[in-house]
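Take a look at this single chain, the form predicted on its own, given in C-alpha cells.
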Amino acid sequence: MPSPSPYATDARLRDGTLVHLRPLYAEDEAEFLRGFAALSRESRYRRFLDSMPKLSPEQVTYLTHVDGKEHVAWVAGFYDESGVEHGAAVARSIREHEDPTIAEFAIAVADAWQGRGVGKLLTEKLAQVVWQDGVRKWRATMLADNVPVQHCLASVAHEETRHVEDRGAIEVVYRLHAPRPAP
C-alpha cells in the first residue's frame, strides 16, 4: 500500500460516528466493487446518470487506479468491530487537460450512509487536498434535483455557472473557497 497521506484524518459525523478519510488506493478495488454492487439503482443513477447494473473492467480500473494528482479520489470509511475497514463514500476530482485549475467533481455515498453528513465531510477534505495542488474550480454534472450533492458543493464553493443538460441533468461550475486554516 502507498505511504499514508499527510491529509488523511478521522472525523466524527453529526451522530458521533467515527469515519476515516483517506486517499483511494488501487488495493481498494475489491471494496470499491462491493460498494458499487450495494448501491441502489437510484443511487447508481444519481452518480452515473445511468442505472448501470455493473461496471466494465476498464471502468473499474479507471475509477480505482488513480494517480493522486490529475485524478484524485478519496474515501470515507469505517471500521467494523473486528477492525476491517469498509467504504461509506468515495469522491473524486479529475483535472481537465485544457485548464488544470478546473476539475470534474463526482461523489457517491452508500445508501446506508446518505443523509448523515459523510458526503459533506468527504467533499470538504477533497477540496482541501486539490486546492493544495492548484485546482480552483469544480465542474459537476448531476441531476437537477440532487440537492444533497449541491449542498456538499456549497459547503466548499460558490456556484458560478449552471447549464441545463438533457435527461434532467445540469452542469454546474463551482469556484472553490480557499481552505480554512486548521485549528
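When you see a residue number, it is the position in the sequence shown, counting from 1. As the structure is a prediction and not an experimental result, all values here were calculated from the model.
The form predicted together with a small molecule is left out here; the points below concern that form.
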query: The unique member of 61, 51, 141, 132 whose heavy atoms fall within 4.5 Å of the small molecule in the predicted bound form; finding: 141
query: Listed residue that, although the small molecule is not shown, lies within 4.5 Å of it in the predicted bound form (heavy atoms), from 26, 147, 30, 38; finding: 147
query: Interface stretch in the predicted bound form with the small molecule - options 52-60, 30-38, 115-123, 65-73, non-hydrogen atom within 4.5 Å; finding: 115-123
query: Non-hydrogen atom within 4.5 Å of the small molecule in the predicted bound form for each of 43, 47 and 109; finding: yes
query: 4.5 Å heavy atom contact, residue 167 to the small molecule in the predicted bound form; finding: no
query: In the predicted bound form, residue 152 touching the small molecule (heavy atom, 4.5 Å); finding: yes
query: Interface membership of residue 163, the small molecule in the predicted bound form, 4.5 Å heavy atom rule; finding: no
query: Touches the small molecule in the predicted bound form: residue 12 (any heavy atom, 4.5 Å); finding: no
